[in-house]
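First, one chain by itself: the form predicted on its own, in structure tokens.
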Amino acid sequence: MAYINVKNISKDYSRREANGKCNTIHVLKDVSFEIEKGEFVCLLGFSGCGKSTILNLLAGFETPSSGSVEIDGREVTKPSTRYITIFQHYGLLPWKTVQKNVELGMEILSLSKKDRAVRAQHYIELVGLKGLEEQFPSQLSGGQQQRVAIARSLAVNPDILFMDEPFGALDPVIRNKLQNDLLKIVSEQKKTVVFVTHDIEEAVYLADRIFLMKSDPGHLEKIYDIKIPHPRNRNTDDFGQYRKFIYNKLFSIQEGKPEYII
């Protein structure tokens, strides 16, 4: 059995209009897929195709209108420390230092104050923030703040990282650096990752497989294996061919038109 098993999930919302009429919004329809332990999967698609909704269902923040989500053979009905979500907005507490923000996630674990501090220090060093332990979020760059968020998530030792466009607000140089750091960390820590993005190059660079999404309503259109070994080089012919291929597929399925040539 697959580690993550999504079976025919749909998600609907009700919205009351100004005239009092209640309309149903179909966000996802009949989505099924499997993810193996240790895989890095990217959900790729335009805004509104349901990528973040799928992530919320996987993480247990929401429940499907129909269908089911199972992780390691158990149905997901609520959030768990076994799987942690990292968002684009870092969610750091501005009045706490880097050290205390990283320790925050461990407060629900049965760890002593000393053990929390030791583990926090380990992950602060792992994400390259040694020496900044007593800094506050306002004193950090955007990339450094996202590193704190990653360290806080890793410190509770989750099996799975759900990541919702975590590098979307960062400049390209910092973004590329964090992509490399993330790949190194998840490989060493043997984590499973489900990563939401609308950036084609990011998906090709990171993913073992790309799940291509289409909207109206959101559904999984295609799954593509990226058969380029890590570490990947954005300037190779293989990388360029995958980028062009995914670009063409993304725009052709979304617009319902013949594939573009770039």
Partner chain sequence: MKHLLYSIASFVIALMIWQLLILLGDFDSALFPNPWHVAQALAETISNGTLLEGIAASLYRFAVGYLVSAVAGVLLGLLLGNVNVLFRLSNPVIQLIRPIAPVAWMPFIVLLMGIGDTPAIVIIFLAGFFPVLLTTARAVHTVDDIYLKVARNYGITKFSTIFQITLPAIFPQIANSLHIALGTSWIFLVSGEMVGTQSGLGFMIIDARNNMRTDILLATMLVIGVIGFILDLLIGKFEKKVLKHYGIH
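Keep in mind that what you see is a predicted model, and the values were worked out from it rather than measured. Positions refer to the first chain, counted from 1.
Only in words, not in the display: the form predicted together with its partner chain, which the text now covers.
Remark: of stretches 120-128, 83-91, 187-195, 167-175, the one touching its partner chain in the predicted complex is 83-91 (heavy atom within 4.5 Å).
Although the partner is absent here, residue 147 is not a contact residue: none of its heavy atoms lies within 4.5 angstroms of its partner chain in the predicted complex. Mapping the unseen interface onto this chain, residue 107 counts among the residues with a heavy atom inside 4.5 Å of its partner chain in the predicted complex. Residue 156 belongs to the set of residues with a heavy atom inside 4.5 Å of its partner chain in the predicted complex. In the predicted complex, its partner chain lies within 4.5 Å of some heavy atom of residue 60. Remark: all three candidate residues (79, 95 and 136) come within 4.5 Å of its partner chain in the predicted complex, counting heavy atoms only.
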